[in-house]
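Only one chain is shown below, in structure tokens, and it's the form predicted alone.
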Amino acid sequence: MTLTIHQVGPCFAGEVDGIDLTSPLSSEDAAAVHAGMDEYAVLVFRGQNLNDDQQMSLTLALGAIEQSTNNSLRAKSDIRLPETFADVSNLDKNQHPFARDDRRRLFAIGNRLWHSDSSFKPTPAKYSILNARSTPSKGGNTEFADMRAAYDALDNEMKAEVADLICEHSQVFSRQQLGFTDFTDEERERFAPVRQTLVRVHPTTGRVSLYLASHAGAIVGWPMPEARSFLRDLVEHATQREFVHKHEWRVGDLVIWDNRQTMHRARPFPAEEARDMRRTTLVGDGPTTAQAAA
């Protein structure tokens, strides 16, 4: 079969047909996926019932993997998946949903804010690859925002304003927005702020994107209240309906998105129900500030 993509979002996001991801990805199909990501930024593959080994094989066929340790508040004794996977489920190692007041669950609620994966790391993520192993009876969808279209819609004055700005990103800031402040000293040190450019240029297409996330809590050289107000206004602009696509998960779905060109957020679902989502992540191109300087 020939791989085909048709657009499903308002200005981006494509659904892929004609490929079985449970089989090894050929170099031709890998090239087609990369080309599709450059164009659509989000690709949806329905009915892909992958196991962990198959998901890892797919990931490595697309690029170098980002290790997913130290992203959450799970203790080593409670890690459910290999360190090459980001466990974005609500399950403990015994496959039971977290209690409603479990700090691991409360920390993960931060994923319901608009964000870009690993923007809180010196080298942020390239692609995220998320596979649905079990889904709740309702809710739990993921929404994506096209940051290229959001940038294009800015007026020239605002484009000039954001052009050279540097933001500080930390998971401590994003969680504090929801009232979660229960961090140990070790966790605060681990989530120390890193600097990212507010504007990014795609290395292949040359398209310009806003680079926003709930993790962004400061602009270098700006007073804090002004910076946070400015960033909040930009997020509101970037997540208008005409820039957003909602993915309604089915078991077996696999979605790949480009964190350099999009933001996303998870939506609420019943706390007592399982939502088993397993993410592998491709490491990014390097620190954004170094890229901008180059």
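All figures in this text were calculated on a predicted structure; none of them were measured in a lab. One-based numbering along the sequence shown.
Below, we refer to the form predicted in complex with a small molecule, which is not included among the displayed structures.
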Picking from 171-179, 196-204, 113-121, 94-102, which part of the chain touches the small molecule in the predicted bound form when contact means heavy atoms within 4.5 Å? 113-121
In the predicted bound form, does Ala266 have a heavy atom within 4.5 Å of the small molecule? yes
Answer yes if any heavy atom of Val208 is within 4.5 Å of a heavy atom of the small molecule in the predicted bound form; otherwise answer no. no
Proximity of Val162 to the small molecule in the predicted bound form, heavy atoms at 4.5 Å: no
Quick one: is Asn141 in contact with the small molecule in the predicted bound form, heavy atoms, 4.5 Å cut-off? yes
Would all three of Phe12, Val33 and His245 be in contact with the small molecule in the predicted bound form, where contact means some heavy atom lies within 4.5 Å? no
Going by heavy atom distances of 4.5 angstroms or less, which of Ala149, Leu81, Ala125, Leu130 would be at the interface with the small molecule in the predicted bound form? Leu130
